[in-house]
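Form predicted alone, single chain, as structure tokens, below.
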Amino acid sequence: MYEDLSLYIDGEFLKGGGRREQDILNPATDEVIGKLPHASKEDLDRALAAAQKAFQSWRRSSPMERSRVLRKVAELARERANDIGRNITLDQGKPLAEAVGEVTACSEHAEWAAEECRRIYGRVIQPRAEGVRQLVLKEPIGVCAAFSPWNFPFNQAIRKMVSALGAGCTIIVKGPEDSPSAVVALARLFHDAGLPPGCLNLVWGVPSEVSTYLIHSPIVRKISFTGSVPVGKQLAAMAGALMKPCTMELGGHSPVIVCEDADVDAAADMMAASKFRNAGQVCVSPTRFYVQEKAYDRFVARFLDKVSKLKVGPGLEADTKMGPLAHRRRVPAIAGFVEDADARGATILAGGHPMGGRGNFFEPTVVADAPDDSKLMTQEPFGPIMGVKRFKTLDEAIERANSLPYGLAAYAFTTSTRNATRLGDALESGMVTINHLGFALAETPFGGVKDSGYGSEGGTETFDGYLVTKFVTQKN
């Protein structure tokens, strides 16, 4: 059965009571599979009060206790991964194997935070005068408001939860209303792991209304958002006017550079699988491919062969490799990228059309030689479409890769140590992976630069945005 959707406030799961409800649709069938309650103003006030009250004790809790809760969450996540994953497939659309894998992989984020939260250290500074003691303390920032997206509903929400809670903060999460089951399941994991009431609160509603209300509350001291660049800029401006720090993980338009000395077949295989994972609805999805002239034909032929074998269908079917788009509106949006490229002289090498019948399906699409100023090569498509172009020199490829205001992720393939070093240094991106897929591990930071945001979650940096530095000096 599909998840029993609810709010989670002060340790209670809440629904009904005359609250407005939203239909939850299965994107593969357009069927209504659940009803999601929206929070009232009273619910938001209760969540804020509960988080503020809980912070007074949780901030002083032992790191060992926080670690115990987070470890239990990881254990429970693995036990329940199949059920949680099935519900993600039902409301978000990705293939079941991807959905279950999202849950099991993300249990490592809870375990990593469980270890790192035991090692939040301050330091002693040697004084200039006798009898003076100088201490630097790291303290939790306070109540956090977090806004997580629909494309990886479990992954993105758990990162924010374990970072805030591990640091000693309390948190109010507004998850994605279109794919809510994973975030409700997370609330149940923390509840069953023994997290004290009020430390984690979950609310739903009209996104702009809930975000504005929470950010403007004097109780909230920190904002974390994962989502689009335009919305991120609006929230960051709102928070900045109130001097509230943010972690912003925004959109990307990831370049891929394939040098002529690369293992071309391996690069094509790896990128074909990565490009169409979650139907391309991935912030680090490779989208702008620049392939050196001598490698171009071989790369494109191999890539197209992989695409031709990609089974598209409902995520619960065993042989499905790519599911539907999560929202009906994304189908004409992706078609718009194709139409613009076609009108401007590009060649559609594969796909390019919506798939008829029920559900939000679009063919895996490969476009060659779209102009550098076309929609496809300048705007994040967030779907199963990519553009590929030739380049002559590495300088040219790097210039093209850096030409956009995005800077989240970049990919490169080369067997030259010199080229690899240059690419790692020159690409303007928060994350660069060379010759493999190395993003989003629990022990590595995840975040972007330029319009793709600021701040990181994951790695030893995972608590940076949730801690404040206090200097204490005392003379005996």
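Note that the structure is predicted; figures quoted are calculated from it, not measured. In this text, residue numbers run from 1 along the sequence as written.
One more form of this protein exists, namely the form predicted together with a small molecule; it is left out here, but the text below deals with it.
Asks: Can you work out whether E363 and the small molecule are in contact in the model of the complex, taking contact to mean some heavy atom pair no more than 4.5 Å apart?
Replies: Answer no; every heavy atom of E363 is more than 4.5 Å from the small molecule in the model of the complex.
Asks: Do E380 and the small molecule come within 4.5 Å of each other in the model of the complex, heavy atoms counted?
Replies: E380: contacts the small molecule in the model of the complex.
Asks: Quick one: is E98 in contact with the small molecule in the model of the complex, heavy atoms, 4.5 Å cut-off?
Replies: The answer is no: E98 has no heavy atom within 4.5 Å of the small molecule.
Asks: How about G351 - does it come within 4.5 Å of the small molecule in the model of the complex, if we only consider non-hydrogen atoms?
Replies: Taking the distances in the model of the complex, the answer for G351 is no, it never comes within 4.5 Å of the small molecule.
Asks: Counting non-hydrogen atoms within 4.5 angstroms of the small molecule in the model of the complex, say which of A295, V231, L394, V312 makes the cut.
Replies: It is V231 that has a heavy atom within 4.5 Å of the partner.
Asks: Given that the small molecule is left out here, which of G194, P207, G336, P218 has a heavy atom within 4.5 Å of it in the model of the complex?
Replies: Selected option: P207.
Asks: Using heavy atoms and a 4.5 Å cut-off, decide whether F147, F225 and L235 all contact the small molecule in the model of the complex.
Replies: Yes: F147, F225 and L235 each sit within 4.5 Å of the small molecule in the model of the complex.
Asks: If we take heavy atoms and a 4.5 Å cut-off, which stretch out of 173 to 181, 258 to 266, 301 to 309, 125 to 133 is in contact with the small molecule in the model of the complex?
Replies: Going by heavy atoms within 4.5 Å, the stretch is 173 to 181.
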